[in-house]
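Shown below, as structure tokens, is a lone chain in the form predicted alone; questions about how it binds or moves come after it.
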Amino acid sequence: MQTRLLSAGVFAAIAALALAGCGKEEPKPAPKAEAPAAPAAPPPPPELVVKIGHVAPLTGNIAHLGKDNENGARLAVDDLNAMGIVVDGKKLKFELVGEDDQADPKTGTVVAQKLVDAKVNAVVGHLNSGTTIPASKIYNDAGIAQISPSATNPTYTQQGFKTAFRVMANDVQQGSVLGEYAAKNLKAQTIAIIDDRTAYGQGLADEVEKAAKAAGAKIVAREFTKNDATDFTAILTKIKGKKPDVIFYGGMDAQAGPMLKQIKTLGIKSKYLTGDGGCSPELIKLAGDAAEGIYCSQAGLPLDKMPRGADFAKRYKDKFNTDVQIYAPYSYDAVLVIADAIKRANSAEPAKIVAALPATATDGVTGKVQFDEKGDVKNGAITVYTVKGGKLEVLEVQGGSPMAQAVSAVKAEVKEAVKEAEKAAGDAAKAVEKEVKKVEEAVKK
């Protein structure tokens, strides 16, 4: 009996297994619907390299000024690349192609041709008028725009070249201010003039002489030296005998510094005046205390009075670990002007850049940049400085746009108001301290 039950149980189990094997399968879960694929990102726009040539003396006795120019242009290139500018469906990549002209006219033409052969789209430079002018024909023949940030000789933009532009005031403007300033503000009846026989130095000296004579001053000596000279004793000794009220030097800081030391050694009491080439921190460094009390000018607003000058000065120092010398803001603006022309022309072709430049109205570090029919900057300002306490101190600003002048005036008024408030606060504090002492003395008694 027991055996039958077990057998029946076994059969029942087998039957159950068989039925399970022949039964319906458990329904499988339906496959999950796949999420729609994200739309493919559009391909990045093709890249267009824009080559900006830059030329300045990077070796020699004014290499510090040349590097200053190049740094200004390089900072602008970096800023433009960070913007991701797209023109005609292409993303622009700006590249700076730097060359050293050694402040030599012959070398200047050689490197100008080198940039033309490299197919640059436009050029910022050169620094010196003596290299800028001969190079300008090469760029003009090639149809490439040239914007100088620092060459001030009028001849540069008077040749009729449609490719030549500059972003700072020229020597006619600067020389007129300096000649008149010497005669009227410095009360000079007699003036001795020295120049370095470069296109810049001699050109500026000529304009100073014209303006000084027109203002009633007499030129008692006109001497010249070379732009690599270091000994001016013979010239200065000759001038000393003339006893001029003012000595004007047309040239660069590399000569003005040693010249001032020799003037002090010779005991010459004349006031000293020079132009933008010598109006730099480097001059003060080279001349030391012999620079104290001299007068000089720069063809533009003071850096701290430029619309974006303070920010530029900080960013320049952060990037290059040095202070601006003179022309870096103008090099920066020259690059911005080229980029603006490219955007308006919707093309980086050199011919289209040249065609767009006359209509420029770019807000730069130095102010609004616009050109007249010759390619000179409109509303160029001239600032006169003196050296006080080893630093350049602004005396007056002439020219410049009405807006820039208004901003400068407001800043000057605010600065003066702050000084007066600080003085008043100091006087009040001293008065209180005096009264406290009186009370203390009375208590002691």
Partner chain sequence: MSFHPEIFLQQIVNGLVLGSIYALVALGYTMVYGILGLINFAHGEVVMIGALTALSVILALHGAAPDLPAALYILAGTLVAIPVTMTLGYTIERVAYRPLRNAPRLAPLITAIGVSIVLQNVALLVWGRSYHPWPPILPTTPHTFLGANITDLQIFIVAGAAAIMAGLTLLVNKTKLGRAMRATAENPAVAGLMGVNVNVIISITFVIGAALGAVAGVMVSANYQIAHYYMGFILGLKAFTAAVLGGIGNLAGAMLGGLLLGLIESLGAGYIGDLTGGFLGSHYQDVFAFFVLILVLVFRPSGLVGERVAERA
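Everything quoted here is computed from the prediction, not taken from an experiment. Positions refer to the first chain, counted from 1.
We do not show the form predicted together with its partner chain, though everything after this point is about it.
Of the residues 106, 187, 285, 319, just one reaches its partner chain in the predicted complex with a heavy atom at 4.5 Å or closer; this is 285.
Interface residue among 238, 119, 137, 218, judged by heavy atoms within 4.5 Å of its partner chain in the predicted complex: 238. Considering its partner chain in the predicted complex, the lone stretch of 261-269, 177-185, 319-327, 357-365 in range is 261-269 [heavy atom distance within 4.5 Å]. For residue 223, a non-hydrogen atom is located within 4.5 Å of its partner chain in the predicted complex, even though that partner is not displayed. The closest heavy atom approach of residue 254 to its partner chain in the predicted complex falls within 4.5 Å.
At a distance threshold of 4.5 angstroms between non-hydrogen atoms, residue 231 is in contact with its partner chain in the predicted complex. When contacts are judged by a 4.5 Å heavy atom cut-off, residue 213 does not count as touching its partner chain in the predicted complex.
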